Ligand SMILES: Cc1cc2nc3c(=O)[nH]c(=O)nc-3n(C[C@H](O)[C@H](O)[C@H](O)COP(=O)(O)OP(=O)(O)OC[C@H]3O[C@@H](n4cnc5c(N)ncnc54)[C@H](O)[C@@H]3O)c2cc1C
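Okay, so here's just one chain, in structure tokens, the form predicted alone.
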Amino acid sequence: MLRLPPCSYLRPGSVDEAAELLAEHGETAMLVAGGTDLVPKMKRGQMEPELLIGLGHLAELRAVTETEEGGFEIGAGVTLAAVSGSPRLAAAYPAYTRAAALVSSPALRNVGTIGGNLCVDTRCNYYDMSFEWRQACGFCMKKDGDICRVAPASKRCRAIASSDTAPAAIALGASVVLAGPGGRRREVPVDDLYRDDGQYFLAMAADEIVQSLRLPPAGSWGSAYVKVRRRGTIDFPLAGVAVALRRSGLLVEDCRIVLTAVGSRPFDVSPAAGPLLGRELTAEVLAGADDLLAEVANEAAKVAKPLDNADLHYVWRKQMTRRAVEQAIVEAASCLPAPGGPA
């Protein structure tokens, strides 16, 4: 049985106090809310904090409020189950609530948080193993070693992004509020949270905390998220695609496509949607009667260069990325408001 190693735990009274503690203790401290990713990795020796700073009890991180502009602000401590079960959020942001509903299993969604999923660790077959396995195989660059076991010639870690909700948030144009010591706050697009580096994948400062997610007004956008995985529950994505479509009359005015699990960060490949713009998404187009969706999917999938760092064969994962793009476009089109209806 893997056991949790000894560590200290602090229970701050506010987000500001938590940020101060994080700044004070530096690399020896880590934040914990749901703990669905952190706790197993502590047991496997992948993460070794001496101090845990608890966030799960903070009421200010568990609020869901409608903004004056008509969007929503969701506290980082709101559970994935609460988001996926919200009729108001599902009506406005089907891609985001669907992504939240597809994370892991019901038990983990009941405690896992939206902030935790945005910041969830990258993964790799050579990293997500017990300490003894990694020691026998030879440690990797991401933890305790100096070489990427997937691509030994690589100068960076090739572990892959594993958040389901991040691509949906990016496709919807969402931003996050980051809290730092001294009461500092800044708002950045979700896309700016990530680097294309499996080891140093978060671009936020080490003393910052994700306080909330801000989703803009849904307007005339329809959206969808499609996840490819071996099993229908629990598993991380082997490929994930979020699509957001906006229509003007009967014609597509804008389209955003974001991929996950095909690199060390989510990739915005929206330029691939160019052939869709100005086109009417007829039943024939959505049924694949012409090559339009295939053309978009092939272009979008070019950035996907899977390696042998996740479940199933990387060639199959590349093919499924194309299929998932097509499926996500079709599903997003089905969520579009009726032409001439309220924005």
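Sequential numbering from 1, following the sequence displayed. Because the structure is predicted, anything quoted here is derived from the model rather than measured.
If you look for the form predicted together with this ligand, you will not find it shown, but the lines that follow are about it.
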{"property": "Close approach of Gly116 to this ligand in the model of the complex, 4.5 Å, heavy atom", "result": "yes"}
{"property": "Proximity of Phe236 to this ligand in the model of the complex, heavy atoms at 4.5 Å", "result": "yes"}
{"property": "Proximity of Gly288 to this ligand in the model of the complex, heavy atoms at 4.5 Å", "result": "no"}
{"property": "Partner contact for Leu31 in the model of the complex: this ligand, 4.5 angstroms, heavy atom", "result": "yes"}
{"property": "Partner-proximal stretch of 277-285, 35-43, 293-301, 66-74 relative to this ligand in the model of the complex, 4.5 angstroms, heavy atom", "result": "35-43"}
{"property": "Site test, Ala95, Arg246 and Val269 vs this ligand in the model of the complex, non-hydrogen atom cutoff 4.5 Å", "result": "no"}
{"property": "Option touching this ligand, based on a heavy atom within 4.5 Å in the model of the complex, out of Met204, Leu215, Ala82, Met129", "result": "Met204"}
{"property": "Residues in 151-189 with any heavy atom within 4.5 Å of this ligand in the model of the complex", "result": "Ser162, Ser163, Asp164"}
